[in-house]
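We've got the same protein chain twice here, in two forms, each standing alone as C-alpha cells: structure 1 and structure 2.
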Structure 1
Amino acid sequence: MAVDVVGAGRAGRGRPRSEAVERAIVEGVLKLIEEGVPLTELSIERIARTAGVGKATIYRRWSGKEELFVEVLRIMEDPEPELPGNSMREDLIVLLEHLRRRGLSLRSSALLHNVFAQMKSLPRLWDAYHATVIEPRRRVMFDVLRRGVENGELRPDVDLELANDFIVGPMLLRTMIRPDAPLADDLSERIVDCALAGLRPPD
C-alpha cells in the first residue's frame, strides 16, 4: 500500500519546513513496525533514533506515543471521503464505500492488519484511535441520517442509532468479523438499498 505521509488530516498544522521532519518521524515508526518491533516496545527514544531527530522534536508535535501512533494510523488509511450531499442514499453509499475499501486494504496490507491487531490489546491507543478516527466518522454518519429524516428519505420514527447499525453493521461484519466474506464492488449500494427497502415483500 502506498503511504502518503504528507496526508490529509494534518493540513495547516505544521509549517512547510517542518514537513520533512514529520515525514521522517512517521516513516521511522512505519520502518520499526515493518521490522516486526511490537508497538509496546516502540519508545519515543527509539523512534527518535530511527528518524534521526531528538526526542524533544517529537514531543513538540505530539503529546506522546498514543497521539503519534494514531496519526500514523490515520496516514496509513485513506482520508475520509467528501460527501456529495445530494441525497441521504448517495451519501450513505459513499460512507459505506469508504469502509469497504478500508476492509480491502486491511486484507491486502499485512502491515495495516498487524498494527490493528496489536492496537486492540493496547487500551490507551485504542481509545485514542476511537476518539480521533471512529467517533468523527460516526458523527458524519448521524448527520447524514438526520438530513435523511428532514428530507423524507428516512422514516422519522426510526431510532437513528439503530438505523446507523443497519447501514454499517453488515459492512463491518464482512470487513472486521468475517475476513473471508465477499466484498463485491456493488456491496455498498446493495446494503443501502436493502436497508431502505427492508426484507419484507412489498404489499
Structure 2
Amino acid sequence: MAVDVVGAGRAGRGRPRSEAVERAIVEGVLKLIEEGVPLTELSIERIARTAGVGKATIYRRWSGKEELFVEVLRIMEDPEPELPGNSMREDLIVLLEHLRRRGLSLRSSALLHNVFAQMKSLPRLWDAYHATVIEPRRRVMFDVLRRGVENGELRPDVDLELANDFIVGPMLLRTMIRPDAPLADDLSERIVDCALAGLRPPD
C-alpha cells in the first residue's frame, strides 16, 4: 500500500512534518492490527511504543487515536480501478475484482475485519470510512448499473440499489464475514454472471 502519502492534505501544525516519523506511526498501527489487537485496545501510548516515538509526537499530528485511524484507513485504500467502459458486465467484473484483490491483502483484510467488528463502538471511524470509501464506490456502481439500463444490458424495472447489493454482497461476504472462504481467480466473473442471469432483459 502507498504509505508514502501519509499526511497529505492535512494542515500543518506545530513543527514541520517528518514523513519518516509519520510512516513509522502508521506502520505501528498496522503492525498492532495485524497482530490481532482490537482498535478499541490501541492506546496512543501503545502505538507510540510500537512506532518508537513519543506520545507527544503523535498528538502533534493527530488529535487522538480515532483521527489517526481515519488517516490509516485513507492510506490503506487503493485508488479506484479504471473502468474499460465497453460493457456493464465488464465494468462490474473490474469493480468486483478490485474488492477481491483487497480481500487477498493480509493488511487490508485485517484492518477491515477489525473496523467491521467494532463499527458500533467507534461510530466516528465508521462514519468516516463510509463517507470516504463506501459511498464513493456505491456511486460508481450505480453509474455502471444506470448505463446498463440505458444501453439495454439491464432491465429498466430493476431496483438498482438491490442490484448493487446482489452483485457486491457475495464478495463482501467472502472478504469480510467469511475470511476462510476461497477467493478464486474467476470469482468476480462468476458472481457477476450469476447476478446478471436474473437481471438482464429477456431475449
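Take the two forms, superpose them, and find the largest set of C-alpha atoms that agree within 1.5 Å; that set is the rigid core. Numbers follow structure 1, counted from its first residue as 1. All figures in this text were calculated on a predicted structure; none of them were measured in a lab.
Structure 2, not structure 1, represents the form predicted on its own. Taking 2 Å as the criterion, Glu34 counts as shifted between the two structures: its C-alpha moves by at least this amount when the rigid core is aligned. A displacement of less than 2 angstroms separates the C-alpha positions of Leu99 between the two structures, with the rigid core held in common. When two forms of a protein are overlaid on their rigid core, residues whose CA moves 2 Å or more are considered shifted, and Gln118 is one of them between the two structures. The rigid core superposition between the two structures gives a CA shift for Gly198 of 3.6 Å.
Core-based alignment between the two structures gives a C-alpha movement of 12.7 Å at Gly54. Its Cα shifted by 5.8 Å, Glu67 is compared between the two structures on a rigid core fit.
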